[in-house]
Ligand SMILES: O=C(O)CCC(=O)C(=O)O
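Next up: a single chain in structure tokens, the form predicted alone.
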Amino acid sequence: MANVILITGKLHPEAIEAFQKDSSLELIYKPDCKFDQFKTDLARAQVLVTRSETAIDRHLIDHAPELKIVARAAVGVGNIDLDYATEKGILVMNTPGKNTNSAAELTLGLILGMLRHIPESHNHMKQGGWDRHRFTGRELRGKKVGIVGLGNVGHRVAKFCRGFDAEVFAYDPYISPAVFQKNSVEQVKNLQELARRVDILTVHVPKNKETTGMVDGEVLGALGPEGYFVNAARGGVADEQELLKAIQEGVIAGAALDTFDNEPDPLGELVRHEKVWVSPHIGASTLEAQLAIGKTVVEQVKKALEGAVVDYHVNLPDIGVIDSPVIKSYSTLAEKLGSMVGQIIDFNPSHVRFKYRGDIAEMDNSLIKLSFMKGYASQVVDGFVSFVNASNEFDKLGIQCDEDADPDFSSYRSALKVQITGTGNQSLTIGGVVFENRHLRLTLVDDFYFEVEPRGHMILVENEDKPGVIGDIGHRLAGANINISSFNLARNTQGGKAMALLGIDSSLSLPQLKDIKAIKYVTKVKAIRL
């Protein structure tokens, strides 16, 4: 009996033809249709191939009793309820890296079009005009280009810019310094410094709580009246109202945008401004990228249907089948610790050392290590990170790992400690234990000892050990109508440094975080979600 493949997003014709030629498959091709238009077909589909137009939510999955595989013809999986798909045993896969070059080329196209006024001169000639002097532009050669995010797309943009004899700088707090050296770019320590130093600022980061609104009025002010901003990554990385204001008031020279906060209905004033150059989210819209995505979908779907291991797992439905409850629980803890490190680290890591103590020191800890990698990488790379690609992502970040085992450890039956180091004396230590194979506890952050359940919204606050700081924090949170669910305080020495881990009922906005950071004696504030 043929496997039914339902395709609800546009796919390259060669991919459609390849599916149609396979006699073991029945293809139903309904691109860009609404749910009601393919609901009947969904009821008997074993495979669903989709792009961003279809929401693979609980409602859809419940209408697909035969569904075995969801293939996302792109990188992002934000339109898929991964937890529910995994619960139902549905394999989810994507197609990472297939549009990297296309996105990087579009970034350069936006930069060149903006600097040389190519769209305006094109439109002027189409209307019968001829004015060479009106469209005098600027060269990319010799300009200073700042790249935020030196991942798959960012490092390729760096290569292209160097080919134009531009000077290239980059800010990425999550990768090893060796990656900057490998890509021949100068590392800059923070976003505002990068903006101050460059003529063109381009972002290549995923959209998450750390990056949403990261390009704000302060960053744009640092970029200055001769500076340009480019976003071909994700809408929402820049605060669009702040960006519009900066352009209107001449704070920056202009912006080139391919992605927007509200697609397909972006902020009209921003799109129409004469100092803004735009395209409708076409970073992946090349024949080459779509052909590569289509070929990958065909290849991976056939592999999955044959029972072979696919190359681009997003979830692993069988990952819960682990014999040891100790390893299972410590793997969960390790993923949370990795995620926390990705949210609080203040330097570029180059090395991670795992220290296994007690019972777990005598076991196979590969899943614990992999879980930490997955938690960390999920916070810092673009695209979904699974147990399959986590190690690969760590290699791309240039972070080396090693392990120590201490079976004679006696403070608890088992414990996990992870030391992260950068260049010089930069380091971060984090640790935890699990009681009764189910009660996860964060026990160590640098020199500060706790016993905290790592879950939900949290704030990490480091401060000088002075009277009144705790009260001020509580007052600021109360003023923001945010309830404290737990409060854990530690200090290294009396009158030295103190650290607080607060559980809160909801997330803090960037201005609210800045408000807490402004409290006297506070030296660090980090928002965490686990």
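The shown structure was predicted, so the numbers you read here are calculated from the model rather than taken from an experiment. Note that residue numbering begins at 1 and tracks the sequence as displayed.
One more form of this protein should be noted, the form predicted together with this ligand, which is absent from this view; the next part is about it.
- Just one of N348, N315, N99, S371 comes within 4.5 Å of this ligand in the model of the complex, counting any heavy atom, and that one is N99.
- Taking a 4.5 Å heavy atom cutoff to this ligand in the model of the complex, the contact residue among L305, A292, A284, L115 is A284.
- Judged against this ligand in the model of the complex with a 4.5 angstroms heavy atom cut-off, the residues R51, V75 and R234 are in contact without exception.
- In summary, the region of this chain contacting this ligand in the model of the complex, judged by heavy atoms within 4.5 Å and restricted to 244 to 252, 332 to 340, 75 to 83, 136 to 144, corresponds to 75 to 83.
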